[in-house]
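A single chain comes next, written as structure tokens; it is the form predicted on its own.
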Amino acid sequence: MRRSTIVFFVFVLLIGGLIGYNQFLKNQPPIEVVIAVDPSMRDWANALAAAFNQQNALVGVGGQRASVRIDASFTDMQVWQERTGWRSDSAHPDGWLPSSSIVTVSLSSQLPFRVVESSLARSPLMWGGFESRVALMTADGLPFDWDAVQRAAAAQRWQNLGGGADWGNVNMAINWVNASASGVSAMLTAAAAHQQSVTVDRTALLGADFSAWFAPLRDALLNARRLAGSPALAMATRGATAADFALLPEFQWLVDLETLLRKERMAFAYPAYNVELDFPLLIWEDVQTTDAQRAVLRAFADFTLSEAGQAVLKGFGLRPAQGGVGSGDALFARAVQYGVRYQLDGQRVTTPDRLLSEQLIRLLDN
């Protein structure tokens, strides 16, 4: 047999072997990683994971299928406060996708998370309220923001502001501080607005001036402790008996807007001193972490940041990690007439350290 013929057959065998090996890998069970998310993120995180899994992404040298499963068993604050039981020598997720980098600051050494991607999406805090209530708060030209809200809270009852006798007390909602990073963020915007600074001074929060200003707000907020799940959904189903207005992540308002409008026309606005949820992705990094797990989480991050992944998130009212939204994004376009903006202005408040976050929680949860 001629030498060239032998070389050809060897080449064919090698190619066949590689194809067979790759086919073997593709037929193996996928490499699955579990990513923990806050329960408020369950719907869109599951949709994102399903879209990623449908791509049949291949990772590793040989190319094995990657898969992501979402676990929404614990809130961001339960992780931050070490109330999950996660340890390297016991059950824990492979990754964590919290709503905000606020809860990634000063994590315990028992939680060896490392950042894979600093932001997969964005959602600023946004005021939302039933238009009749917002009209009273802003009747003299004050914007729908903390000063108008504080003055309404100090009035205690809507009747004292010119509202109906049956409107009851002035009730505001946030996602509760001890269970939600967005609740801590809401308190951060209040402190920043009072201090008129993007960097909040912890000492000033202990002063008599802030205490007097915040006292009526605290009274107006206490009803929010009893609201289960999303306050926006509670307002959509129960109307003003749940809350008259709230400061929540923009995406929560957008997904429930249609139901909210069945109760009453809505009014939205953004705090002058705002906090943006940034949804970082982290990996549990210890001696047991494998290259395959790292590869799957990297692939998931890359997919999420792709046009296809960001389209999934926009469908749930989230803004892309980079770039903006426009009239082609249905949830945003529908809400523009009520005050949602495609482009945001205002000032971004500096991420607090752990001591400041704990102090903000104590403003309400004590």
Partner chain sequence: MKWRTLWLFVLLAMGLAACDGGNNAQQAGAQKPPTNAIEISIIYAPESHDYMPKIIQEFNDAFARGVNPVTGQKLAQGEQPIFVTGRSGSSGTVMQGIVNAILTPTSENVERPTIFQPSVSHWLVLANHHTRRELFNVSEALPTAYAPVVMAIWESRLQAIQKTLGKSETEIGWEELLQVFDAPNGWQDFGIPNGRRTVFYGHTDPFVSSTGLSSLIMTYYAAAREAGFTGRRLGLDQVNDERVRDGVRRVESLIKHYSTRTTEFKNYIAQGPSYLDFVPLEENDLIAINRGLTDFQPPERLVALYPKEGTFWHEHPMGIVNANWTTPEQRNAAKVFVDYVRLPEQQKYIMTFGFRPVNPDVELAFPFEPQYGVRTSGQITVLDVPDAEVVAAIQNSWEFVKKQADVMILIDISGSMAQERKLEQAKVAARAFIDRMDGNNRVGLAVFSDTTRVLVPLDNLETNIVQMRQVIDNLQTEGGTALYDATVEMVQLMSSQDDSDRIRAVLLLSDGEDTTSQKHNLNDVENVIKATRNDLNPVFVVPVGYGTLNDTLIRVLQRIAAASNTTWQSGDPNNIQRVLELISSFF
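The shown structure was predicted, so the numbers you read here are calculated from the model rather than taken from an experiment. Positions refer to the first chain, counted from 1.
Omitted here: the form predicted in complex with the partner chain. The next part is about that form.
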Here the chain is shown alone; which of Ser100, Thr75, Gln293, Gln150 has a heavy atom within 4.5 Å of the partner chain in the predicted complex?
Thr75
Residue (of Ala204, Ala135, Leu142, Leu233) lying close to the partner chain in the predicted complex, criterion heavy atoms within 4.5 Å
Leu233
Using 4.5 Å between non-hydrogen atoms, is Leu107 touching the partner chain in the predicted complex?
no
Taking any heavy atom pair closer than or equal to 4.5 Å as contact, tell me whether Glu131 reaches the partner chain in the predicted complex.
no
Using heavy atoms and a 4.5 Å limit, would one call Gly168 a contact residue for the partner chain in the predicted complex?
yes
Residue-level question: is Gln288 within 4.5 Å of the partner chain in the predicted complex, judged on heavy atoms?
no
Between the partner chain and Asn53, Asp302 and Val336, in the predicted complex, does every residue show a non-hydrogen atom at 4.5 Å or closer?
no
Within 4.5 Å of the partner chain in the predicted complex by heavy atoms, the stretch out of 191 to 199, 225 to 233, 276 to 284, 119 to 127 is 225 to 233
If you apply a 4.5 angstroms heavy atom cut-off, which residues in 81 to 95 are near the partner chain in the predicted complex?
Arg83
